[in-house]
Structures are given as C-alpha cells and as structure tokens.
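There is one chain below, alone, in structure tokens, taken in the form predicted on its own.
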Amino acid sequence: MKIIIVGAGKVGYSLCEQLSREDHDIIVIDTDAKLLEEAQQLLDIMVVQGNGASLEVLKSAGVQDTDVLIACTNADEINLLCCISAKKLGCKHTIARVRNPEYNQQIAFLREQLGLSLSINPEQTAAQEIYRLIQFPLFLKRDSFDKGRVELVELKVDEGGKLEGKRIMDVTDILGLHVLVCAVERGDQVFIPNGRFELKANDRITVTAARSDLAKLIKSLDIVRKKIRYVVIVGGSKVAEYLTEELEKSGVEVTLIEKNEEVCNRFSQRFPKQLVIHGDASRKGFLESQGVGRADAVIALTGIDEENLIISMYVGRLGVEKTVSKIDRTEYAKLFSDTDIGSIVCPKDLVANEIVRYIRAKSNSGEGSVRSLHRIVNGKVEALEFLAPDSAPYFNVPLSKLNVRQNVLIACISRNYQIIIPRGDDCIKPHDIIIAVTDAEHPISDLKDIFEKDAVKAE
C-alpha cells in the first residue's frame, strides 16, 4: 500500500519503522528538515518537507493516489485538516491522532461528515490500558481479543513457584485450568514454545485464557493479591485525568501528586472528591513522608521516563505491590526488564499498533484478514485475531495434522461464545475466531498465511 504519514515525531517515526518493514511505500511529510533527514537515513522511506495541511504539499506527495494518510502531528486541528484535505483529493482512508477531549466527544460526527476512517487518542488509550492492568495486579500486561472474551496476560515465573521447571504441556494439569503458554521471554531470547519447552524461574510468560478464567488463574498460582482500592498517581497529565475518571467510576480512591500548582488546581476542580498534593515526587523522602507505601498501586505518569521508572522502583521498595510506569522510549523497557519495575505502558506504541492493525486489515480486506493485533513481549511477538472464512482446506482437520508455519502458534479458538484452548485433536471450523501468535519479524495479514503452502500434512 502507498501510505503518507504527516508528522515525523515519536508516533510518526514508530509507524514508519513498523510499516516500512511490511513493504509498504511510505512517504513522510514534516516541516522539520532534520527529523526528515534522520528518518530517511535510518529507514527505507521517501520524505517531503512542508506543511501537511497544505494542498500543494499533499499533491506533491501524491496524496491523490494514496491508500492511507496518517496525520500524527502534535496539533489536533492540523491532523483533522490534513485528513479532510486528503480525502477531498482522493485518498482512500484517513487516520488522525486526536488528543483534545472536546474533539474526542465529537468523533462520530467527524467520521461521518469528514470521511475520517479512524481516530486515535494516545492518552485515553494509555489510560484504558493502565486501568485494565490495575483490575488484575498480578499481570504485567493484558491484551484482549474477541470483544474481551479472550485474554493474553503476561506474568513472571516465580522462583520455587508452581511453574518453575515444568513443561508447557503440563501447565494445564498443574493449574487445573485450560490455559496455554504462547510466548516466553528469557533474558534477550524470545520463544514461541512447543509442549516440551521447560519453564525457568524469572521467565516472563504470556498466557492465553478465557477472560472468565483470569481470577481462577491467579488463585491456582497461589498468589494472593488484594483488590486495588487506593491508587496514587504521580503526574497530572491528560493520561492521569482519563485514568482518574475511570477509577472514580469504579469506586477507587485516588491521590494525585503534581509539582505544578496550576495543574493541581485544575485537577482539584475536576475531581473534588479526590486528594491532590502539590509537591515534587522526585525529592528525597517526599513519597515516604506522604505515606505512599500504603497505596495498593502507584502509577508514574510524569513527562520524564527516567523519573517514572525510578519512582516505580522506589515505591516498590516501600511495599507497593503494583506499579505502572508510562514511558516514551521503549528501549527502557528492555533495559529494566530484569528488575522489579512492574508494568510499563508506552502510549506511542499503543497508537502505532492500533494503526498497523487497521492498515494490515485494509491491505487484505477479504475473508480471513486480520481483525485485531497486539504486539507483546516488548514488540518481539505479535498476537493476531482472524475470522475464519466460509470455506478453506484446513477446516475440520485436527490441528496435529496441519502444517502450521514455523514460529506460529494457534493460541485460541472462539466458537459460538465457547473459548477453546486448542489441543492436537481440535479443529478449525467456518466462522471461528482464531487467535494466533507469531514472531514480529514475519508479519501475517491473513489466516491462510499461518499455514505452509500445503496446509494439510500428507498421509
């Protein structure tokens, strides 16, 4: 597909990086010549310097022959204007990053009247991700499929715990629960394991389970975590506002710590029931003096990655069981992966993943195309959702007799609201929802791509 990206900042660069790997033709528009030069040197893309909202600039980039335009500058108004102009000039699909909550309330109108295909709010998306993590504090990461009925959760194998030294094929019997370990991160290595793979202490594993079984999974691991009732948020960002709104609705008590007095006043006016503390959380002894160690969870949402990570490590030593850090530089996630840093949320990656999912679905819009996509294990593995077509040669054939591609695992089958964690004798049927896991180096856009050329093994 031919794709124009307006804005070469953090989100724009991340999109370029991911989409160029999938052999799309990428053109980036930005007013900053230095950003464009850096992107062009590192990635296989074309660049156009100029204002992406300008008709002449869009025409010079060939927007009239473009499949998708993605507007991800820092200004909502420019993003919307880019999309309107591109649509009028003949672009097939337009995507805008829209951050203003007021615009967010008008999205349905914008889509219908302006021809906007998709809008993404990074802060709201990040807040939703954090809220989901707080619901089940044990999990380091959560991703959902099939309208929330299927979950992929990441957790750590504890030393001396039930799973240490056990084979993947034995996990279901050990836990007394139908789950599937579909990815394992061990140091710098990532595995999509077979049944004989043996788990070790400190492995980070991604497990597929029905949402209804998540509470049972926690109980079966003999790890007792109390329900989150009191949350401390450090940093009064837009993410903090969206998150506090969700927490307040669910009856969770919130304390915000923010060093900007104006932000504190605004937050207090919007959330009069919650406590707002004006102070610098990075100052020595401040968090301890405020009794933060009593919190069930601490969410670090300042604008500085390093500060967020240090806060999470510090409050963990104060006894806080659940910590979440917002970061923009994903290399920090890898750097601190061996520490008890808790969960990490990266808004730009969440946005990029959502857009990549949309583009991959549009690039192959027939039966069996991708319906949902999540990158897991620090972006090294993809989990994808497909809807099985009306007919296919691999239907009603036991999975053990199918030629599934190397490094691909069928993690779940959803059939008429029944969640099947598959074994060798299970089959795929028409209109099943399939969750498959594969390494990110070999992207998949269609269900048939998870199989070799001859999908069924020869007798």
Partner chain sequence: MNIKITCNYLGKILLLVAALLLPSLGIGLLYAEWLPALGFGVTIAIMAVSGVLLTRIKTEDKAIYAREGFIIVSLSWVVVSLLGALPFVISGEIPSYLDALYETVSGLTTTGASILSDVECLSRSILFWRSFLHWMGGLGILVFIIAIAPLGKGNGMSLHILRAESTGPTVDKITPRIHSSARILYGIYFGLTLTETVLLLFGGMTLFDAFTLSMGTAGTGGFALLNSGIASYSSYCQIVIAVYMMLFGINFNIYYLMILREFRQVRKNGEFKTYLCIVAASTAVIATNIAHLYESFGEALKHSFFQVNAIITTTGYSTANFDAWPELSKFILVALMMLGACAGSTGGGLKVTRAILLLKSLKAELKRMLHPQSVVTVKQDGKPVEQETLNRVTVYFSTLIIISVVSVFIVSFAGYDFTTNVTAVIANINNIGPGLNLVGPTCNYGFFPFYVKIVLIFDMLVGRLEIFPMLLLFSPAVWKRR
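Numbering follows the first chain given and starts at 1. In this text the structure is predicted, and so the values were computed from the model without any measurement.
Below, we turn to the form predicted together with the partner chain, even though it does not appear here.
Enquirer: Go through 34-42, 429-437, 401-409, 414-422 and give me the stretch that gets within 4.5 Å of the partner chain in the model of the complex, heavy atoms only.
Expert: Of the stretches listed, the one contacting the partner is 34-42.
Enquirer: H24: heavy atom within 4.5 Å of the partner chain in the model of the complex?
Expert: Answer yes; at least one heavy atom of H24 falls within 4.5 Å of the partner chain in the model of the complex.
Enquirer: Going by a heavy atom distance of 4.5 Å, is M46 a contact of the partner chain in the model of the complex?
Expert: M46 belongs to the contact set for the partner chain.
Enquirer: Is there a heavy atom of D390 lying 4.5 Å or less from a heavy atom of the partner chain in the model of the complex?
Expert: Result no; D390 lies far from the partner chain in the model of the complex.
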